[in-house]
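Listed next as structure tokens is one chain, alone, in the form predicted alone.
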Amino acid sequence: MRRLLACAAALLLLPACSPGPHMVVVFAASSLNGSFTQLGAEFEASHPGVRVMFSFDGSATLVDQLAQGAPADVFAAADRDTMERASSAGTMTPTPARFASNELTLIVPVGNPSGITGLDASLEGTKLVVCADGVPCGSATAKLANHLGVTLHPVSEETKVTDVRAKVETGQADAGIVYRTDAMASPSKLTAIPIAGAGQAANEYLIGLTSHAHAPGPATEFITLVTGSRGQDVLRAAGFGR
């Protein structure tokens, strides 16, 4: 699997990593990293000779890569708007499937040294990091802030949610707004502070076969795994909703 991930990073440069009928290339939102890596290993175990290669990044970045011709068989987006943008660009086959949902939460370092209590006055004078508007977690953050009637003053806006989490984990930020699944993925370093009304800005995750898939058969079977009972069990354990 480690070799396959290395190939993913250089997919456009290394002919040896070119996809084929025995390799399923999956482009997926960065928040799906843990769950999809586990499901990929299970898929390989049940499909001898087939390998699953992942490229995890911000959904908007992946859509741009698909539009530029990057080879992928499957695309999993962190919101409906991004998937619709991919479909409008002609890079997806019809009817992507909704397979999960995710809500935002506020995270702080374990111990909460800045004494932050929520999206309130406790954030004044602290370093807040969020996702950039236009990427799924950023669009959800903007929607939630508007719903709550609060104005956020982040010191940084990131293109993927895992970068927000990393800045809080490493002490570069006092707080960040991420998906619930990101908070659950790092319990030894982060404390989650629930945001009232977060359900009003929940994101829908969709997955589909790309229009230029090199391995449509195995790729479709991987999508079936994600949307089926086993995939749902793994996603639910990571904190995703249905």
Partner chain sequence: MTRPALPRWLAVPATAAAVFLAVPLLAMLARVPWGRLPALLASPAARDALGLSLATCLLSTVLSLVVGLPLALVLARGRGRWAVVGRTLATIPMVLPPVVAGLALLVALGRRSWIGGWLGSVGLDLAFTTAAVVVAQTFVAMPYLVVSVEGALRTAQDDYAVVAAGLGASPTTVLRRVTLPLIAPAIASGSALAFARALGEFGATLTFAGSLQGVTRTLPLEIYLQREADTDTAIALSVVLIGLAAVLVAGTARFAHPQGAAA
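Values in this document were obtained by computation on a predicted structure and should not be read as measured data. Positions refer to the first chain, counted from 1.
Below, we turn to the form predicted in complex with its partner chain, even though it does not appear here.
- Of the listed positions (Ala97, Val150, Val155, Ala89), a single one reaches within 4.5 angstroms of its partner chain by any non-hydrogen atom in the model of the complex, namely Val155.
- Screening Ile177, Val26, Ala183, Ala60 for any heavy atom within 4.5 Å of its partner chain in the model of the complex leaves a single hit, Ala60.
- A residue is said to contact a partner when one of its heavy atoms sits within 4.5 Å of a partner heavy atom; Ala132 meets this definition for its partner chain in the model of the complex.
- Not displayed here, its partner chain is kept clear of Pro71 by more than 4.5 Å at the level of heavy atoms in the model of the complex.
- Contact annotation: Asn146 falls outside 4.5 Å of its partner chain in the model of the complex, judged by heavy atom distances.
- Remark: Gly115 does not count among the residues lining its partner chain in the model of the complex, judged by a heavy atom distance of 4.5 Å or less.
- Shown alone, this chain has one stretch from 155-163, 99-107, 73-81, 115-123 that lies within 4.5 Å of its partner chain in the model of the complex by heavy atoms: 155-163.
- Residues from 190-219 do not approach its partner chain in the model of the complex: none has a non-hydrogen atom within 4.5 Å of it.
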